[in-house]
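Each of two forms of one protein chain follows alone as structure tokens, named structure 1 and structure 2.
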Structure 1
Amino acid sequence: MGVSAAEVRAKINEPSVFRSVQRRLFNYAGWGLCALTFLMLGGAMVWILEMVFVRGAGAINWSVLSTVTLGVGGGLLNAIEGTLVLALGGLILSVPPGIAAGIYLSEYEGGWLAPLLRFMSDVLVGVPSIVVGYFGYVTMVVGLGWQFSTAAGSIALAIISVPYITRTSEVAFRGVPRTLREAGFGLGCTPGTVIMRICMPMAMPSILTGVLLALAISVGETAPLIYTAGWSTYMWTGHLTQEPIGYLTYAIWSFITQPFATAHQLAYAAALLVTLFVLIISVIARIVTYRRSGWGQHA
């Protein structure tokens, strides 16, 4: 009996048993590797958080939160205040140029300046924070004579935060439908009006998410502040220069290596506070993203 052409084509196109088994093995191996990686990362995160929360909770009390540091003892009130001052100062300095750069990269991408600005932003993301601290020490602490100060530390944090805000702002503005821009131009609006009155409100939730993430990064930085903000056991008096300021990450970095139980307790408490700050900021950023996506409206 002859074999029809349709049967031959079906025989050729039919996958072999070996190929089917091979595909299943690759699928199982891939899923197994993903699960193993997730378990390793999740286990490491849980381990770190468990150590920070257990040891930090035992070290936290009202005295730690309400008194200043005294040598290797006392409290962390000066460090808490300094962390907030430095982080907010860096945010104030980085948000306007970061959003402006993101608008330019999104709305005025023609010419040679936009690719150069994007390249410089990408390079700045990869620069180690300790290099930023060294730059701040040479230029501001020594060069300008500011010494260890709030201004130098805030500017160092702003330099680190700007590229994150820039990239987030660019992506946020690119996510605004072009038809809305065309509708604005059709109504006779200027480019500035379209950007500020049409694009900005729609992009603001995503921009806010980037700003909050930059704030979380600033709260957790240590290296650039060691060379620019120094350290102080006193409360901040409002001077921007010629006066060092305390911050929580210094307490972690410095006190954990001291051979005193009181110093270790302050380091654990500072680690817990920094983790809580970053966790709260990250949760707020997630809530903003959740509402922006509209999932909460459909729940």
Structure 2
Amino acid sequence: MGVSAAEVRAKINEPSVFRSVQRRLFNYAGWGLCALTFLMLGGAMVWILEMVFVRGAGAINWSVLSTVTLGVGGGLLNAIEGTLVLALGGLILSVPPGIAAGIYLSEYEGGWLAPLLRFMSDVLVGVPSIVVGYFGYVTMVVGLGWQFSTAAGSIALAIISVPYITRTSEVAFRGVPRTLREAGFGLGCTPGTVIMRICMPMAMPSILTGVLLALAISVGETAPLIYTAGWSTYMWTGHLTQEPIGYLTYAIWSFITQPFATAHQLAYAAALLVTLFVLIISVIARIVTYRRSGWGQHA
């Protein structure tokens, strides 16, 4: 039985109510489901923030901020100080190699070292933080005999945060216009002078964004510190080794499972402090990024 071309054409052109409704339904259902997934994520974010801020606000007061931990009560001054000491120590160790690696990846792309370094840096981001912590325990706490200490904790944090600084530094140096470098070389500058005196000031705001992100990550980390920094209810005495140091995330993890109301209060207060700090830094970093790249775009 033959079918003429005209019949086929008529069939195709025949308006199909069913098909049209079906397509419209698919369109609405698709957007609806996508909006639903977005609302689920947004809802989870709101729920987390609500829990942290409401319970944290009920738990925090001046004495929490101004006294040290006593058993499962007291305050968090020792932990606040310890978090800052560990995070700053981590930054001091991670910023120079991170920026150096960023410069190398951006300025010396030819050759075998740059692709290899970039790959290893990207893989290092994915190494679980507890693995870094256990590495620190095996090598520094036990191997070098440092015991739980500020130095071991800071080095662990530095390893965690250095790939982030590397990446943002590389992007920052790539963002410096080529003509500036050419102008520098045209004036007879050495590569070192061009990079350090011309590119570095231009790239500095973006590099600082990366450093801020690294700071936020350091403040929020727990797993790499548990078996490197230990825990202490005393204020830091300035020793780099042989002396454990407290930090806020430990208080969250350890105190919430204690059967005491005072311990729970400390855990919620610590969660509020950590979350607030991390969120503020992220907002600042994001605003700096947008200022530089134009609103609506991404660095």
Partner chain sequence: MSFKRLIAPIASLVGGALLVIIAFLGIYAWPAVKFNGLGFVTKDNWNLGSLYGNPIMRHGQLILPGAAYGILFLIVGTLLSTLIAVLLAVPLGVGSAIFLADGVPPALRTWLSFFVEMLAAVPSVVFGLWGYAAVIPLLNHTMFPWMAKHLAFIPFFAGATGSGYGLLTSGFVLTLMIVPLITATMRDALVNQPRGLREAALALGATRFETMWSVILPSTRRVLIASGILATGRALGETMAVLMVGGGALNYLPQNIYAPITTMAAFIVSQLDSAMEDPTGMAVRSLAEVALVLCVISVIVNGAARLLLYFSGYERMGGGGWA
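Just so we're on the same page, residue numbers count up from 1 along structure 1's sequence. What you see is a predicted model, and the numbers here were worked out from it, not measured in a lab. In this text, the rigid core denotes the largest set of C-alpha atoms whose superposition between the two forms falls within 1.5 Å.
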Exercise for the section: Of these two copies of the chain, point out the form predicted on its own. Expected result: 1
Practice task
Return yes or no for residue 257: a CA shift of at least 2 Å between the two structures, with the rigid core superposed?
Solution key: no
Handout entry: Core superposition between the two structures, C-alpha change of residue 32 at least 2 Å
Key = yes
